[in-house]
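Okay, here we've got a single chain as structure tokens, the form predicted on its own, with questions on binding and movement later.
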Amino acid sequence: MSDAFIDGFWPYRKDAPNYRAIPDAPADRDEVLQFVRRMAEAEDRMGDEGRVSGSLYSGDHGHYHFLGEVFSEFSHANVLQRDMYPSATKFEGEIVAMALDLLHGGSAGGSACGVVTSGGSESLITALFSYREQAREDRGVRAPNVVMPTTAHVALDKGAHWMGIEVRHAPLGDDFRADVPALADLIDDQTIALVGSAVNYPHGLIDPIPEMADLAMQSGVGMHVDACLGGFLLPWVEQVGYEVPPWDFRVDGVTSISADTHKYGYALKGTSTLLYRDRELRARQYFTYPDWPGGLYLSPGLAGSRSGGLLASTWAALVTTGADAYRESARAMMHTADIIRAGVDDIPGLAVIGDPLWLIAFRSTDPDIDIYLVNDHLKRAGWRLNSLQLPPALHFCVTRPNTAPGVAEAFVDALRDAVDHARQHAGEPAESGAMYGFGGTPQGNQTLNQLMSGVLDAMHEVAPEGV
């Protein structure tokens, strides 16, 4: 394993204190704080310059600091202990209420409800669990399956794997959205739900939710909309005048929605909302056990202990940002996305995938342009995009830091240079590839198993034992 590869995952091994056991004498708090701040400043630099796709949704360090202060007041509080910390009920209830208001929960006739989770993955996996339990109890389903397009988030596959649910992936239509007839062909009497996205992670597209919801109703199954990425931005995009197809609780047949507060809600990382059309479906996610010696056990979801700080700071993010600022941010991000999309359209050999709003995915239409070579050059120029596969592509997910003056234009110029670089080096192996969560993988076109093995080996080689 090369030093460059290892340094990419553990750069602090050489010039920072490394602990392999709890020290006998405590580290100095001021020194620890200074060290942590140095790491944070260095790692935030690229994002603060607006050169990162997605990941950093607010970019306002004053906002982060304020939320950190709110968090600190309840960081020690366990929301399981509501008798001690009734504030958790206020914060969680109002977060859910604000999310339902934004996503037209009133269309459900007053029965809409929800919970706060630790993130999009937990929201999606919990929704799957609720549908599995509903289908088992109401229809006697014993071999459950879920039907969704190939672009649905992979956390659903993970949750289905854990819970013994078969995943049936439908191909995409020519517009790169879910193909409704293909979905219909996969539904049978053991199907528990359909899943669509608003927007999906790879291409930033909204599936045909009304048609999918109608199919779900005809089939007698649930319809979940994964709006983890788009849920706290699409309503504002619509309000500032952009055309947004229907996707939320205004659509009959949509029975649940996941929407992440820690993305475009500008909350701290670690919160999402899972919203249900009715309380009966939400009740399926609860776990109770009355006969434990430790007392009657009741849990609303996978998590046990949770920090009240996350609920408090998420609530604070929503109420201190306010609707006017959310709308203004949406307007600025859409303007930035329009510049980037027009720039991609103007570069020969590239094509935008589908008809996106603010997440612009693009692929090569020229065999002499390896899109991963394009990404290599962009990385060396200081940009971090997200790599895709099937088909090979990149995407730029616009967030608030990208709206700074000149950033979009600078990216288009860098992209044009990167395409020229790829043409000049056609046939050479790329350094980057497509791996979720990494802007460019160090092992390029190796197989996924080889890549994962290399990443884990590197972490174990340089990290404390057990990491």
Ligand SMILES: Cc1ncc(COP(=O)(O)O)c(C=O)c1O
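Because the structure is a prediction, the values reported are computed rather than measured. Numbering starts at 1 and runs along the sequence shown.
A second form of this protein, the form predicted in complex with the named molecule, is not displayed here; the remarks below concern that form.
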(message) Please determine whether each residue of 343, 371 and 416 possesses a non-hydrogen atom within 4.5 angstroms of the named molecule in the predicted complex.
(response) no
(message) Considering non-hydrogen atoms and a 4.5 Å limit, which listed residue (330, 393, 310, 199) is close to the named molecule in the predicted complex?
(response) 199
(message) Please tell me which of 145, 134, 87, 121 lies within 4.5 Å of the named molecule in the predicted complex, judged by heavy atoms.
(response) 121
(message) I need the one stretch from 221-229, 319-327, 164-172, 70-78 whose residues put non-hydrogen atoms within 4.5 angstroms of the named molecule in the predicted complex.
(response) 221-229
(request) Evaluate residue 263 for contact with the named molecule in the predicted complex, applying a 4.5 angstroms cut-off between non-hydrogen atoms, and reply yes or no. (result) yes
(message) I'd like to know whether residue 277 contacts the named molecule in the predicted complex, with contact meaning heavy atoms within 4.5 angstroms.
(response) no
(message) Considering non-hydrogen atoms and a 4.5 Å limit, does the named molecule approach residue 153 in the predicted complex?
(response) yes
